[in-house]
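Take a look at this single chain in structure tokens; it is the form predicted on its own.
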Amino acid sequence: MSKIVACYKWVLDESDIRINSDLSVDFSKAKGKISDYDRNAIEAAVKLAEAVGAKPVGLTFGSSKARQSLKDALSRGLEEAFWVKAEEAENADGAVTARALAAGIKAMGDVALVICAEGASDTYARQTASRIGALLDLPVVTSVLRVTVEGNTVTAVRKLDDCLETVKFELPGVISVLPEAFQPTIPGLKAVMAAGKKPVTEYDCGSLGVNLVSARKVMEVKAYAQERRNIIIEGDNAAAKVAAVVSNLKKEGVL
């Protein structure tokens, strides 16, 4: 049976991240979670697999910390999970991540469709789907709002800045879905219990021959502090107040 693969990322929960007075970022108490947007990709894989009779599976690239994600992913309707493991994943850039995921897709075989989120909730770099498609020489459609599969043909509606665009391509291929495209299901107790019995395949990056050398190195992470003008516009004349707001926005280069 052909597989529909949902790629997902294990990220830090942003609600647990703290900013210190010197703008340094404290990740020490942050727990992990499946990226919020990647949950939508998982839901898309499950729904499309049901429609076409394919097998929905999950694929993640991560360090040993990513082990925590497997049961959660499987509880969301996936039938099997694949994990490309490397401790270097903690500091991997988009190129390394795509190479690892593409290697995992090649290793599992018989993949009809790869689904990514438009971006991960920690970086939202919007690179993964396009990079995977380039590495595997597959058609890629990004910014997908709606998608259907009939036979071997995928019809996807893309949400662009000023219009909707409908495109078609033949399987196999890669798509990235927008956050509003699919609403993730909250797993029930029965689904969570069943997830522990589903198969998990672990790949070692070394055995897959993945190049784990990142092209960039993170030197420092600091919070961004926004400077506010604190301009107060007074008066009772609404038109004059609106004109003052517009004038100030033009001075700031917003308009």
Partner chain sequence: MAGVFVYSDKSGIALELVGCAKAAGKEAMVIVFSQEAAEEVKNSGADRVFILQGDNEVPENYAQAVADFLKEKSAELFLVGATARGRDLAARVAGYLDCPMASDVSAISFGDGKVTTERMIYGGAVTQKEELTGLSVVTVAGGKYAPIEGSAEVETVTVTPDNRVQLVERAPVERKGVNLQAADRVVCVGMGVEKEEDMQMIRDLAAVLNAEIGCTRGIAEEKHWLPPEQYIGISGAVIKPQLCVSIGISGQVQHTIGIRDSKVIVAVNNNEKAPIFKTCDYGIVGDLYEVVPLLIEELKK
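Note that the structure is predicted; figures quoted are calculated from it, not measured. Numbering follows the first chain given and starts at 1. Take the two forms, superpose them, and find the largest set of C-alpha atoms that agree within 1.5 Å; that set is the rigid core.
There is another form of this protein, the form predicted together with the partner chain, and it is not shown here; the text below is about that form.
Colleague: Taking Val141, Arg216 and Lys222 together, does each of them reach the partner chain in the predicted complex with some heavy atom inside 4.5 Å?
Modeller: Per the other structure, all of Val141, Arg216 and Lys222 touch the partner chain.
Colleague: Taking heavy atoms only, is Glu150 within 4.5 angstroms of the partner chain in the predicted complex?
Modeller: Contact with the partner chain, no.
Colleague: Is Met1 one of the residues lying within 4.5 Å of the partner chain in the predicted complex, judged by heavy atom distances?
Modeller: Answer no; every heavy atom of Met1 is more than 4.5 Å from the partner chain in the predicted complex.
Colleague: Asp110 near the partner chain in the predicted complex, any heavy atom under 4.5 Å?
Modeller: Asp110: no contact with the partner chain in the predicted complex.
Colleague: Check Ser75 for me: does it contact the partner chain in the predicted complex (non-hydrogen atoms, 4.5 angstroms)?
Modeller: Taking the distances in the predicted complex, the answer for Ser75 is no, it never comes within 4.5 Å of the partner chain.
Colleague: Going by heavy atoms within 4.5 Å, which of 81 to 89, 163 to 171, 67 to 75, 101 to 109 lines up against the partner chain in the predicted complex?
Modeller: Partner-contacting stretch among the options: 163 to 171.
Colleague: Can you tell me which bits of 225 to 255 touch the partner chain in the predicted complex, meaning any heavy atom within 4.5 Å?
Modeller: Residues within 4.5 Å: Gln226, Arg228, Arg229, Asn230, Ile231, Ile232, Ile233, Ala238, Ala239, Lys241, Val242, Ala243, Val245, Val246, Asn248, Leu249, Glu252, Val254, Leu255.
Colleague: Does the C-alpha of Lys241 move 2 Å or more between this form and the one not shown once the rigid core is lined up?
Modeller: Comparing forms between this form and the one not shown, the Lys241 CA shifts at least 2 Å.
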